[in-house]
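This document opens with one chain alone, in structure tokens, the form predicted on its own.
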Amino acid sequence: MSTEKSAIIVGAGLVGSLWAVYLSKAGYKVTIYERRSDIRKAEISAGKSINLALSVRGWTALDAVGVGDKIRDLAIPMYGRMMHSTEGELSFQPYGQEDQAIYSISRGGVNARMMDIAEHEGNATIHYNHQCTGVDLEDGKIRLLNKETNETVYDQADVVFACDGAFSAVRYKGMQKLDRFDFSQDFIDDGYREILLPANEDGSYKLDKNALHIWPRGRFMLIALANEDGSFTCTLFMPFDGGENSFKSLNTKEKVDSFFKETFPDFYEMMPGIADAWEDHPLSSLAIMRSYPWHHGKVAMMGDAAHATVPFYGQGMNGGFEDCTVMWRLMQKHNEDWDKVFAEYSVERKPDGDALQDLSLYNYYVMRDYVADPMFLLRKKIEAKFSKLYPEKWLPLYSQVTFSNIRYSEAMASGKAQDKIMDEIMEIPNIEEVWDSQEIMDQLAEKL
């Protein structure tokens, strides 16, 4: 009888592929089942293909098992937001201190690389076109449909990890059948459509590649992130319906053309053929999925399966990778007593999953509405100056979330406390004239 430790991972996406490396380092034989075909063999994007933003939490998880350098060549640093006004004026807002950046990375590119890493660094066997159709949570047994042969197959392991995304089959077929399992899904009113802005004819970029570009327009926005080949992945976020600025109203090429010409004139100049490319990518929805507990029996959920969020803080992948960091720490703490590991994982990580989701929604309003507001930008300038003078007293919320490993729940609580203080500072008469003075910095310091 084999004494080899075994693990099944459902989902060969980003989190599943990374977690395979962790498990392999702990001596587990890892088998991954993926319902899609191998994306490395086809010129298709990995599911929904919004570009990802890799930041400190993600790098921490990758570097802990020595695979960060295998991803770095795919990553393009972005040092701040570049706002595009209706008149085409540009204004730049740094993300953090001078050398701090988040990294634009193609979802398809990084997913393909992570699969390579899972196979070569994690010694994992990946079975493609295998759809999970059932799960026995107590016994760690899963039922799968081989979509190529139409056969039903079964597998069983010491532990099973559901890394199969927002619409997790493991959660749906197993967890959601349990008594007292909490689950909710909330689709936001806005959807998104991607647009690929091609490189110039000589392969150069049409925009500054080291910034995240935003065209904030109040109730909707366009963003752009650079790709390695000189192109930009652009995404329009907008209500599905309700008025002329909605996807429902953009139902002819003429309407798409005039919408971009009037609303994003500088973008239109770079891509006058936008109407012809409008339907190259599907219109997609956005949802927040909350669940609890994140484990039962021999099965635990990680990444989007546990805490799917909207993409506006650029933390979906980072949060999923951080699940690996937390699960690994608890594996060491409890000497792989999985009952204890899973129980503590659910209790510890759930508040951070909730906070990440709340923060992601909040940052949508920041990007869509506030970044074009002069008083909001002044507020951020004051925070940045104070943080530079007194780094031990004040780390802005964005920096806590993006440039540290502070728990999401702690960062959100700290951010709320900072907001109250900044509300008072912004009420000071003539703050626009006096914000840069030592007196304002002293007043801020007194409030802490």
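Computed from a prediction, not measured in an experiment: that's the story for all the values here. Residue indices: 1-based, along the sequence shown.
What follows is about the form predicted in complex with a further copy of the same chain, which we do not show.
Though a further copy of the same chain is not shown, can you say which of E348, D189, D358, D337 has a heavy atom within 4.5 Å of it in the predicted bound form? Contact check passes for D189.
Report the residue, out of F376, Y365, F92, Y172, that has at least one non-hydrogen atom within 4.5 angstroms of a further copy of the same chain in the predicted bound form. Contact check passes for Y172.
Does N150 make contact with a further copy of the same chain in the predicted bound form, using a 4.5 Å heavy atom cut-off? Looking in the predicted bound form, residue contacts with a further copy of the same chain do not include N150, since no heavy atom lies within 4.5 Å.
Does a further copy of the same chain get within 4.5 angstroms of any non-hydrogen atom of T252 in the predicted bound form? Output for T252 is no: heavy atoms all beyond 4.5 Å of a further copy of the same chain.
Does D182 reach a further copy of the same chain in the predicted bound form if we count a contact as any heavy atom within 4.5 Å? Because a heavy atom of D182 falls inside 4.5 Å of a further copy of the same chain in the predicted bound form, the answer is yes.
Is Q176 close enough to touch a further copy of the same chain in the predicted bound form, meaning at least one heavy atom pair within 4.5 Å? Residue-level check for Q176: yes, a contact with a further copy of the same chain.
Out of 281-312, which residues reach within 4.5 Å of a further copy of the same chain in the predicted bound form, heavy atoms considered? Going through 281-312 in order - heavy atoms within 4.5 Å of a further copy of the same chain in the predicted bound form - there is one hit, S285.
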